[in-house]
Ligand code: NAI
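Okay, so here's just one chain, in structure tokens, the form predicted on its own.
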């Protein structure tokens, strides 16, 4: 297992939603290697517990909390539990998300629209809201900031992708929420977003074939770096945004996609 001598996140506590698999798990483990203790949130307790085991094997503490990020009462209970037991949260990673079923918009069902927006967009708002309320009251332990929020958006939030219109809409919304929170929470809390491209994760059933088939359906440009992304490709950038190295950045939505999206 790769070691990081800098330990940029030493002493910090991070909440990672959707931490039971894929990008959320990769970020959780990278943060643990960099010295952070992790609150792993997921609706899949089996996956969350597996991530927690990996964190503890790296010598860090882990807390598993099951909560649906789209349900206000569950999010508030999650934050209350985290603060009651660990006293503070320094980093929130809003990673939990779903792709939804592929539809053209004129055939999109209202039920599916609501399901995707509720998790991908409302969930980011709720977790950021209830975390920020508490972060704003905590001491500045690591430099000039009281906390950091990192949202996982998508290149589908930069350029609309056909057949997954509700997913695109939700991720455009995540970028907007990122920018609004960045303005409203400055100078105490930074808020930034990551925009992954085509990564082999659970959304694509962990299958390169499914990802490449989706790219054809979505009429996606070619990946300039000539390979599909992995969850582990996202984690280093998430670690940078969680560290003091990025203290002068807020309101940004950074692509990490092998060269698919340029703005």
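Positions refer to the first chain, counted from 1. Worth saying up front: this structure is predicted, and the values here are computed from it rather than measured.
The same protein also has a form predicted together with the named molecule, omitted here; what follows describes it.
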property: Option from 55-63, 31-39, 190-198, 220-228 whose residues, in the model of the complex, bring a heavy atom within 4.5 Å of the named molecule; result: 190-198
property: Contact test in the model of the complex: residue 237 vs the named molecule, heavy atoms, 4.5 Å; result: no
property: Touches the named molecule in the model of the complex: residue 43 (any heavy atom, 4.5 Å); result: yes
property: Proximity of residue 98 to the named molecule in the model of the complex, heavy atoms at 4.5 Å; result: yes
property: Contact of residue 246 with the named molecule in the model of the complex (heavy atom, 4.5 Å); result: no
property: Single option in 9, 14, 23, 241 placed near the named molecule in the model of the complex, where near means a heavy atom within 4.5 Å; result: 23
property: Contacts with the named molecule in the model of the complex, stretch 137-171 (heavy atom within 4.5 Å); result: 152, 153, 154, 167, 171
